Ligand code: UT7
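In the block that follows, a single chain appears as structure tokens, in the form predicted alone.
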Amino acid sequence: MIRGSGMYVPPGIVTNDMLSRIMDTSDEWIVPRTGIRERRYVDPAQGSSTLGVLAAQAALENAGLTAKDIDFVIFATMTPDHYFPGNGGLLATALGMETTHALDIRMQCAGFLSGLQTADAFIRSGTYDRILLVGADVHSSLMPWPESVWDVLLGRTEGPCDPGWYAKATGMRDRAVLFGDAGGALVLEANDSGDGRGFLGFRMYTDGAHWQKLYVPGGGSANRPYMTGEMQDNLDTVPIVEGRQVFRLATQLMPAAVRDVLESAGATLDEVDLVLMHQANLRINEAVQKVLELPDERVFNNIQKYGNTTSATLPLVYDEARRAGRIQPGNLVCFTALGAGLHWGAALARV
């Protein structure tokens, strides 16, 4: 069951108008396509493990626990502080956890959902009683802009932006406007009370045939050498997102996964109090909502404020919905996500 939740977003707000300083875009271009009005960026040299630590501390406080009460850590991210080691050990050390074990998950936008299933399996097996699940990403680290471009974006200098970089940034605007930085966390624990609270089912799927629709072409062992300056110059370190294809797949596969998990649990959509979707694009979520014929009061979105924060989106929407009074004890909540791989699925929980 979910014992507590927490989130952290950095204070640095980047609006659509600010992005228009360094690329050919605008609020009028971004909002109709994505629903996003602003996102958060971290300070330089602040990695995803730091955001994860701050979110974890908030979740532990909400749960009324300390780090010493945690048996196991799962950290989901696509932007770890380092290629290795993973963020799990960094977070555990920062929280003062000396004897715990940690697992790192690299499943991008489906990472937190997979982490929920993994944590539930560990708890049901009796291996661990209480697990800290964290999702955090720093997408601003993927932006290849030099300091002079950052200065214009953030208003430290008046500009204008260097024409060459303005053209480069415009070439990646379909992706650059999507992403933000954030961390979220849940504390999950065994429930022997018999009150029915906990996860009632998961349905998870993978289809590697679609891997090129969401991927990063530069870097990795398929390249020789692993990383080059040319990859950076050609923007090959920036994710490829085939927006139309991803939209089509997400609006088909996510509703199907929701129906599958409900059927497996012997529940109906009418019984679900709230559906929480991965926040990749508000237009995708609106289409999924329409397919499932859900009224506005049974969905919750916050991509408008934070953009796509990948591994952090599900804990962010859960925590904000809880604090807004949209989630009450005993509610039936459905989670669903789709991400690179392709991986997708749904989870059903009595909270």
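What you see is a predicted model, and the numbers here were worked out from it, not measured in a lab. From 1 onward, residues are counted along the sequence shown.
Below: the form predicted in complex with this ligand, not depicted.
K.L.:
In the predicted complex, do 113, 318 and 350 all reach within 4.5 Å of this ligand through at least one heavy atom apiece?
P.N.:
No, the candidate spot makes no contact with this ligand.
K.L.:
Counting only heavy atoms and a 4.5 Å cutoff, which of 42 to 50, 56 to 64, 292 to 300, 27 to 35 contacts this ligand in the predicted complex?
P.N.:
Selected stretch: 27 to 35.
K.L.:
Go through 95, 246, 265, 161 and name the one with a heavy atom inside 4.5 Å of this ligand in the predicted complex.
P.N.:
It is 246.
K.L.:
If you check 173, 130, 106, 210 against this ligand in the predicted complex, which one has a heavy atom within 4.5 Å?
P.N.:
Checked against the cut-off, the match is 173.
K.L.:
For residue 281, is any heavy atom within 4.5 Å of this ligand in the predicted complex, or not?
P.N.:
Looking in the predicted complex, residue contacts with this ligand include residue 281, since a heavy atom lies within 4.5 Å.
K.L.:
Is residue 152 a contact residue for this ligand in the predicted complex, using a 4.5 Å heavy atom cut-off?
P.N.:
Taking the distances in the predicted complex, the answer for residue 152 is no, it never comes within 4.5 Å of this ligand.
K.L.:
At the 4.5 Å heavy atom threshold, is residue 179 in contact with this ligand in the predicted complex?
P.N.:
Contact check for residue 179: yes, within 4.5 Å of this ligand in the predicted complex.
K.L.:
Just checking whether residue 285 would be counted as a contact of this ligand in the predicted complex - the rule being heavy atoms within 4.5 angstroms.
P.N.:
Residue 285 lies outside the contact set for this ligand.
K.L.:
Determine the residues of 200 to 219 with a heavy atom within 4.5 Å of this ligand in the predicted complex and present them in sequence order; the list may be empty.
P.N.:
If the 4.5 Å heavy-atom criterion is applied to this ligand in the predicted complex, 200 to 219 yields only 214.
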